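Only one chain is given next, in structure tokens, and it is the form predicted alone.
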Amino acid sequence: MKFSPLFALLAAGVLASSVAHAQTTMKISISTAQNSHQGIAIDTFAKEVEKRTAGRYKVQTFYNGSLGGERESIEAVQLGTQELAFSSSGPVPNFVPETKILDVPFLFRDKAHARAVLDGPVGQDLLRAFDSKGFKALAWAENGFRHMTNSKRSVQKPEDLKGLKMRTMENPVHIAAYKSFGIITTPMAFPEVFTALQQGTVDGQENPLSVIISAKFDQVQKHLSLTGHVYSPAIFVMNKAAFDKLPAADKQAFLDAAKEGTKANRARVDEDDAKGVAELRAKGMTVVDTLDKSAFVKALTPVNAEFEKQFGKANIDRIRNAK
């Protein structure tokens, strides 16, 4: 059977067209709701990846821990069973120990200080530390300053925390610090927290306002204290082998998409912080917004001495004093 040159030309055109439009699908997940600072981060990232690669890459987004908690998602990215994840810094030190330093309580003065550190030399050095652990860290984003909630009593001073059973992230630095407040720490993956609070398995938890609002913790927690005890970064991570396979232009597209996701994420944190207290009060929470932070810092003196030994005082001071 003989094909005409015209048929051959048409067939080649169809083939070229299908190759040009071949689409690679990847997954990214978060533990919180879509309508949250993390949801807007991954939705923006997915949209930007598709736009910047002319639709050759499509990123499927998953919310509410539907692919597992943060630790499981990061593990899946490391193993290559999932290409991408967006996570708070909670479980990250279990995979990249160098990042532990960012979780030292009262390390950052405010969001502007934290963002400057993460976007500057310290943050960029830490992103490179992911390379040898099976990850490509695309960008630092934000979870926000963490505050304490509980169902038992109003927390106005460090002593009020003593004996409270609190869910903590699976993070060794947080656990050490909270134990020094006299908190009974209960590490738990985020998707389990609402039920644990509802059933009284734990008395309280600590998270940024963005998370407290999007997770509807006001339904199961009466008291909120704006302790701002830890700044919680978030991060876009990608499987290193999957990233390395990308052509140079596509690598840049993924990095730029993560930067856009970070911008949208930080803007939403600012918005939630600005309106969050009034919103939670309106929903019936008792909010302590004027407490003596220096008393909380003082209560952590012994554990801070341990952190200085562990991370090096010079390294902690480099972050504390960053402009």
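Bear in mind the structure is a predicted one, so any value in this text is a computation, not a measurement. A residue's number is simply how far along the shown sequence it sits, counting from 1.
If you look for the form predicted in complex with a small molecule, you will not find it shown, but the lines that follow are about it.
Site annotation in the predicted complex: the residue of Ser225, Asn171, Gln82, Asn143 reaching within 4.5 Å of the small molecule with a heavy atom is Asn143. Val211 is the sole member of Val155, Val211, Met238, Val117 with a non-hydrogen atom lying within 4.5 angstroms of the small molecule in the predicted complex.
Considering the small molecule in the predicted complex, the lone stretch of 276 to 284, 48 to 56, 251 to 259, 30 to 38 in range is 30 to 38 [heavy atom distance within 4.5 Å].
Against the small molecule in the predicted complex, the set Glu70, Ser88 and Arg167 is in full contact: each member has a heavy atom within 4.5 Å. Contact check for Phe190: a non-hydrogen atom falls within 4.5 Å of the small molecule in the predicted complex.
In the predicted complex, Asn207 approaches the small molecule with a heavy atom inside 4.5 Å.
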